[in-house]
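Below you'll find only one chain, the form predicted alone, shown as C-alpha coordinates.
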(Lines give C-alpha, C1' and ligand atoms only; values in the text may rest on other atoms or scores of the structure.)
Protein backbone atom coordinates (compact mmCIF):
# COMPACT_ATOMS: atom_id res chain seq x y z
CA UNK A 1 0.00 0.00 0.00
CA UNK A 2 1.27 3.47 -0.92
CA UNK A 3 0.56 6.41 1.35
CA UNK A 4 0.98 10.17 1.12
CA UNK A 5 1.86 12.06 4.31
CA UNK A 6 1.15 15.78 4.57
CA UNK A 7 2.94 17.85 7.20
CA UNK A 8 3.60 21.39 8.40
CA UNK A 9 7.04 22.88 8.92
CA UNK A 10 7.35 26.07 10.94
CA UNK A 11 9.23 27.89 13.69
CA UNK A 12 12.89 26.99 14.17
CA UNK A 13 12.45 23.92 11.95
CA UNK A 14 12.34 26.18 8.89
CA UNK A 15 16.14 26.34 9.13
CA UNK A 16 16.51 22.56 8.80
CA UNK A 17 17.55 21.45 5.30
CA UNK A 18 15.88 18.73 3.23
CA UNK A 19 18.38 15.92 3.98
CA UNK A 20 17.97 16.47 7.72
CA UNK A 21 14.17 16.55 7.36
CA UNK A 22 14.33 13.23 5.52
CA UNK A 23 16.51 11.68 8.23
CA UNK A 24 14.18 13.10 10.87
CA UNK A 25 11.13 11.40 9.36
CA UNK A 26 13.00 8.13 8.85
CA UNK A 27 13.63 8.05 12.60
CA UNK A 28 10.10 9.26 13.37
CA UNK A 29 8.63 6.32 11.42
CA UNK A 30 10.44 3.89 13.70
CA UNK A 31 9.62 5.78 16.93
CA UNK A 32 5.94 6.03 15.93
CA UNK A 33 5.76 2.32 15.01
CA UNK A 34 4.60 3.03 11.45
CA UNK A 35 4.90 -0.21 9.39
CA UNK A 36 6.93 1.40 6.60
CA UNK A 37 8.30 -0.88 3.88
CA UNK A 38 12.00 -1.21 3.09
CA UNK A 39 13.77 -1.67 -0.22
CA UNK A 40 15.40 -5.00 -1.03
CA UNK A 41 19.07 -5.65 -1.64
CA UNK A 42 22.38 -5.39 0.21
CA UNK A 43 21.58 -2.05 1.89
CA UNK A 44 17.80 -1.82 2.53
CA UNK A 45 16.32 1.60 3.23
CA UNK A 46 12.87 3.00 3.93
CA UNK A 47 10.82 3.60 0.77
CA UNK A 48 10.18 7.34 1.06
CA UNK A 49 10.16 10.17 -1.50
CA UNK A 50 9.48 13.88 -0.98
CA UNK A 51 7.55 16.16 -3.33
CA UNK A 52 9.45 19.38 -4.10
CA UNK A 53 11.28 19.98 -0.79
CA UNK A 54 11.31 23.47 0.72
CA UNK A 55 14.23 25.84 0.63
CA UNK A 56 15.86 26.70 3.95
CA UNK A 57 14.09 29.50 5.81
CA UNK A 58 10.66 28.92 4.22
CA UNK A 59 7.77 27.81 6.42
CA UNK A 60 4.93 25.67 5.11
CA UNK A 61 1.60 24.11 5.93
CA UNK A 62 1.56 21.89 2.85
CA UNK A 63 4.60 19.58 2.60
CA UNK A 64 4.36 15.98 1.36
CA UNK A 65 6.22 12.71 1.16
CA UNK A 66 5.13 9.28 -0.11
CA UNK A 67 5.89 5.97 1.57
CA UNK A 68 5.03 2.29 1.18
CA UNK A 69 3.57 0.23 4.01
CA UNK A 70 4.17 -3.41 4.94
CA UNK A 71 0.68 -3.63 6.41
CA UNK A 72 -2.36 -1.41 6.78
CA UNK A 73 -2.75 1.17 9.54
CA UNK A 74 -5.65 3.60 9.88
CA UNK A 75 -5.08 7.23 8.94
CA UNK A 76 -6.36 8.40 12.33
CA UNK A 77 -3.96 6.18 14.28
CA UNK A 78 -0.99 6.98 12.03
CA UNK A 79 -1.44 10.75 12.37
CA UNK A 80 -1.72 10.45 16.16
CA UNK A 81 1.28 8.13 16.50
CA UNK A 82 3.44 10.40 14.36
CA UNK A 83 2.40 13.60 16.11
CA UNK A 84 3.13 11.98 19.47
CA UNK A 85 6.83 11.83 18.45
CA UNK A 86 7.04 15.15 16.55
CA UNK A 87 9.12 18.08 17.80
CA UNK A 88 7.81 21.64 17.87
CA UNK A 89 7.88 22.97 14.33
CA UNK A 90 6.73 19.71 12.72
CA UNK A 91 3.12 18.53 12.58
CA UNK A 92 1.58 15.72 10.53
CA UNK A 93 -1.71 16.81 8.95
CA UNK A 94 -2.90 13.77 7.02
CA UNK A 95 -2.00 10.19 6.09
CA UNK A 96 -3.79 9.00 2.94
CA UNK A 97 -3.68 6.02 0.60
CA UNK A 98 -2.69 6.89 -2.98
CA UNK A 99 -2.53 5.15 -6.37
CA UNK A 100 0.07 2.41 -6.80
CA UNK A 101 1.56 3.64 -10.10
CA UNK A 102 5.09 5.08 -9.98
CA UNK A 103 4.05 7.94 -12.26
CA UNK A 104 1.54 9.07 -9.60
CA UNK A 105 4.10 9.84 -6.88
CA UNK A 106 4.10 13.35 -5.46
CA UNK A 107 7.59 13.95 -6.85
CA UNK A 108 6.37 13.07 -10.37
CA UNK A 109 3.04 14.90 -10.46
CA UNK A 110 3.65 18.16 -8.57
CA UNK A 111 2.93 21.07 -10.93
CA UNK A 112 2.21 24.10 -8.75
CA UNK A 113 2.50 25.69 -5.33
CA UNK A 114 1.02 28.70 -3.62
CA UNK A 115 2.70 31.09 -1.20
CA UNK A 116 2.11 34.08 1.03
CA UNK A 117 4.98 36.58 0.97
CA UNK A 118 5.29 39.31 3.57
CA UNK A 119 7.74 42.18 3.75
CA UNK A 120 10.44 41.46 6.33
CA UNK A 121 12.84 44.32 5.61
CA UNK A 122 12.28 47.51 3.64
CA UNK A 123 9.23 49.64 2.86
CA UNK A 124 6.66 49.39 0.09
CA UNK A 125 5.68 52.61 -1.76
CA UNK A 126 2.23 53.97 -0.88
CA UNK A 127 0.61 52.69 -4.08
CA UNK A 128 2.01 49.14 -3.87
CA UNK A 129 -1.42 47.51 -3.57
CA UNK A 130 -2.67 49.25 -6.71
CA UNK A 131 0.54 48.29 -8.51
CA UNK A 132 0.07 44.66 -7.44
CA UNK A 133 -3.19 44.53 -9.37
CA UNK A 134 -1.47 45.78 -12.56
CA UNK A 135 1.75 43.75 -12.17
CA UNK A 136 0.32 40.84 -14.18
CA UNK A 137 -0.91 43.15 -16.96
CA UNK A 138 2.62 43.43 -18.32
CA UNK A 139 3.27 41.66 -21.61
CA UNK A 140 6.37 40.08 -20.11
CA UNK A 141 7.87 39.82 -16.64
CA UNK A 142 11.59 39.51 -17.23
CA UNK A 143 14.05 38.50 -14.54
CA UNK A 144 17.65 37.29 -14.53
CA UNK A 145 17.60 33.68 -13.37
CA UNK A 146 20.90 32.47 -11.95
CA UNK A 147 22.11 28.87 -11.94
CA UNK A 148 25.40 27.38 -10.75
CA UNK A 149 26.79 27.63 -14.27
CA UNK A 150 25.17 30.65 -15.88
CA UNK A 151 22.74 33.55 -15.81
CA UNK A 152 19.96 34.15 -18.31
CA UNK A 153 16.99 36.48 -18.69
CA UNK A 154 13.69 34.62 -18.41
CA UNK A 155 10.08 35.66 -18.92
CA UNK A 156 8.43 34.29 -15.77
CA UNK A 157 4.91 35.58 -16.47
CA UNK A 158 3.64 32.23 -17.91
CA UNK A 159 4.79 30.54 -14.69
CA UNK A 160 2.77 32.87 -12.42
CA UNK A 161 -0.81 31.61 -12.26
CA UNK A 162 -2.12 33.99 -9.59
CA UNK A 163 -0.78 37.16 -7.96
CA UNK A 164 -2.87 39.29 -5.59
CA UNK A 165 -2.87 41.24 -2.34
CA UNK A 166 -4.23 39.54 0.77
CA UNK A 167 -4.28 41.98 3.68
CA UNK A 168 -0.67 43.18 3.89
CA UNK A 169 0.80 40.18 2.09
CA UNK A 170 1.15 38.95 -1.47
CA UNK A 171 -0.54 35.69 -2.44
CA UNK A 172 0.85 33.88 -5.46
CA UNK A 173 0.36 30.55 -7.19
CA UNK A 174 3.30 29.52 -9.38
CA UNK A 175 4.62 26.65 -11.48
CA UNK A 176 6.50 24.10 -9.39
CA UNK A 177 8.07 20.76 -10.26
CA UNK A 178 10.50 19.08 -12.62
CA UNK A 179 9.17 20.70 -15.82
CA UNK A 180 8.98 24.31 -14.62
CA UNK A 181 9.94 25.58 -11.19
CA UNK A 182 9.54 29.19 -10.08
CA UNK A 183 10.59 30.24 -6.59
CA UNK A 184 8.60 32.94 -4.77
CA UNK A 185 11.77 34.95 -4.18
CA UNK A 186 12.17 35.52 -7.92
CA UNK A 187 8.58 36.70 -8.24
CA UNK A 188 9.02 39.17 -5.39
CA UNK A 189 12.30 40.34 -6.94
CA UNK A 190 10.42 41.08 -10.17
CA UNK A 191 7.69 42.88 -8.21
CA UNK A 192 10.30 45.02 -6.43
CA UNK A 193 11.76 45.98 -9.81
CA UNK A 194 8.26 46.88 -11.01
CA UNK A 195 7.87 49.14 -7.94
CA UNK A 196 11.39 50.61 -8.45
CA UNK A 197 12.38 49.47 -4.95
CA UNK A 198 15.92 48.97 -3.69
CA UNK A 199 16.22 45.17 -3.91
CA UNK A 200 19.33 45.00 -1.72
CA UNK A 201 17.51 46.79 1.12
CA UNK A 202 14.41 44.59 0.80
CA UNK A 203 13.71 41.04 1.96
CA UNK A 204 10.62 38.85 2.28
CA UNK A 205 9.39 35.98 4.44
CA UNK A 206 7.78 33.27 2.31
CA UNK A 207 5.22 30.77 3.56
CA UNK A 208 4.06 27.86 1.40
CA UNK A 209 0.38 27.00 1.64
CA UNK A 210 0.14 23.84 -0.45
CA UNK A 211 1.42 21.79 -3.39
CA UNK A 212 -0.71 20.99 -6.44
CA UNK A 213 -0.97 18.53 -9.32
CA UNK A 214 -2.76 18.79 -12.64
CA UNK A 215 -6.07 16.92 -12.74
CA UNK A 216 -9.15 16.76 -14.94
CA UNK A 217 -12.20 18.28 -13.21
CA UNK A 218 -15.50 18.30 -15.13
CA UNK A 219 -13.59 18.01 -18.40
CA UNK A 220 -11.19 20.86 -17.57
CA UNK A 221 -7.56 20.75 -16.45
CA UNK A 222 -7.23 22.23 -12.95
CA UNK A 223 -4.68 22.32 -10.15
CA UNK A 224 -5.73 20.20 -7.17
CA UNK A 225 -3.85 19.62 -3.91
CA UNK A 226 -1.71 16.51 -3.57
CA UNK A 227 -3.70 15.68 -0.44
CA UNK A 228 -7.00 15.57 -2.37
CA UNK A 229 -5.66 12.76 -4.59
CA UNK A 230 -5.52 10.37 -1.62
CA UNK A 231 -8.18 8.72 0.52
CA UNK A 232 -8.48 8.11 4.26
CA UNK A 233 -7.60 4.62 5.52
CA UNK A 234 -10.30 3.44 7.93
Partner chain sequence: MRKLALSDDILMTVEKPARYIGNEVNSVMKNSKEVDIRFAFAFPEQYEIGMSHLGIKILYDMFNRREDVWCERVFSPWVDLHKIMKEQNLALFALESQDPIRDFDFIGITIQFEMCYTNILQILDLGQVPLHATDRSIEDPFVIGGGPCTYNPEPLADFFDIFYIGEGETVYDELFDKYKIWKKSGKSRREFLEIAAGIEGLYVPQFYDVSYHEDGTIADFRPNNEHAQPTIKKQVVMDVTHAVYPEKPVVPFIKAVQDRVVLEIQRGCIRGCRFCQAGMIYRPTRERNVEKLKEYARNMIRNTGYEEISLSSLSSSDYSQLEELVNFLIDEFQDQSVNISLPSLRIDSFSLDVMSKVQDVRKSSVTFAPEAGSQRMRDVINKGLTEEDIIGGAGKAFDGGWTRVKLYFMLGLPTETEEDMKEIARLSDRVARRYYEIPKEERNGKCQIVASSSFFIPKPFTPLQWATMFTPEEYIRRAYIVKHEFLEQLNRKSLKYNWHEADVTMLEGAFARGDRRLCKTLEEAYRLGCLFDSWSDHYDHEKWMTAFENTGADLDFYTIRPRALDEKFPWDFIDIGVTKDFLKREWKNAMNAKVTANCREKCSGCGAGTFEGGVCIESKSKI
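Positions refer to the first chain, counted from 1. On a predicted model such as this, the values are computed, not experimentally measured, just so you know.
Not on display, but discussed next: the form predicted together with its partner chain.
In summary, among the residues 120, 129, 80, 162, the only one with a non-hydrogen atom within 4.5 Å of its partner chain in the predicted bound form is 120.
88 is the sole member of 101, 153, 72, 88 with a non-hydrogen atom within 4.5 Å of its partner chain in the predicted bound form. Within this chain, residue 196 is remote from the site of its partner chain in the predicted bound form, having no heavy atom within 4.5 Å. When its partner chain is considered in the predicted bound form, residue 49 lies well away from it, no heavy atom lying within 4.5 Å.
Using a 4.5 Å cutoff between non-hydrogen atoms, residue 179 does not count as a contact of its partner chain in the predicted bound form. Put simply, residue 221 is far from its partner chain in the predicted bound form: not one heavy atom of it is within 4.5 Å. Only one of 61-69, 165-173, 28-36, 182-190 lies within 4.5 Å of its partner chain in the predicted bound form by heavy atoms, and it is 28-36. Contact annotation for 54-81: residues with any non-hydrogen atom within 4.5 angstroms of its partner chain in the predicted bound form are 56, 57, listed in sequence order.
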